[in-house]
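Taking the form predicted alone, here's one chain by itself in structure tokens.
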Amino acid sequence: MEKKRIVVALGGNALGKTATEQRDIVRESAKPIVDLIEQGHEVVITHGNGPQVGIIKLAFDTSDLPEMPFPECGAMSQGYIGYHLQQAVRDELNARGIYRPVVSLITQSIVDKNDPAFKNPTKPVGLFYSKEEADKIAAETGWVFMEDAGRGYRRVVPSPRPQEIVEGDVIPPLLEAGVIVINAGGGGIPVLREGDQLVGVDAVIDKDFGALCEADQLDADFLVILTEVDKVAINFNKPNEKWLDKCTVDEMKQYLEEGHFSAGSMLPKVEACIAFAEKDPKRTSLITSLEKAGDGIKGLTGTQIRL
């Protein structure tokens, strides 16, 4: 199979709730990612951090420690998730007799201070709560909570769109040297450009749009967004439910207009995939489960989106 440059995005919700649980999960997650590497593809890994950054922030906010701003919490989450991923991917490569360096980078993403997201927080972070628990915490802290795709209530923060990964220039030389790169965790640490300086801002970038930004800068062949299901569905959980295989950008835009995708779940994935695929006919976006990533690249499963 022809060598492809692939950006793979792992969801933060799929990485577990504790460090121990996460370490065990990423060891399984590494296997299908290494399958792609073993097939000869260039693979760049990104990941979500919504639950993790929220938990880190909550730990500081409910302790006697000094306040820890959201950008610093995002950097911490990039570090420890990246550590687990690079270790798991390296160990899986070694187990197969493939000796390649693996590195995780702490990366920043430029956002626009006028992004409307700052006036409308929607990005879920941290743990799930019942409505009663969420109302109590909101009254005590002033935090904003929203119901998240039928799974409970979570704190929400602004989620601006990333415009550029600051450290993106260092990634192509690493790929050319055979390095497996993990970066743009949690979409990247959101920063504003103020003159010649970068300043962190209280927000969490959606990992799907972070992966889109990454894939655009790298001019990747595939943007692969991994989720809990093998394919995207329209009329989900209804009698006329339909699972999608190969779709055009125009078809997916029509499904978007018809309101088939949940804002807290599939909507950002579909929007990011459309934005990636519509820029070049050589590009393919893929939404599928972690276990089916390799088959999805081969066109055997998953929802593929192309011009």
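Just so you know, these numbers come straight off a predicted model, no measurement behind them. Quick note: we count residues from 1 along the sequence shown, nothing fancier.
Just so it is clear, the following notes concern the form predicted in complex with a small molecule, a form of the same protein that is not shown.
Proximity to the small molecule in the predicted complex, defined as a heavy atom within 4.5 Å, singles out one entry of 226, 81, 181, 73, which is 226. Although the partner is absent from this view, residue 231 contacts the small molecule in the predicted complex, with a non-hydrogen atom inside 4.5 angstroms. Not displayed here, the small molecule is kept clear of residue 136 by more than 4.5 Å at the level of heavy atoms in the predicted complex. Though the partner is left out of this view, residue 131 does not reach within 4.5 Å of the small molecule in the predicted complex, counting heavy atoms only.
Not displayed here, the small molecule is approached by residue 261 to within 4.5 Å at the level of heavy atoms in the predicted complex. Annotated contact segment (heavy atom within 4.5 Å of the small molecule in the predicted complex): 146 to 154, selected among 146 to 154, 96 to 104, 213 to 221, 197 to 205.
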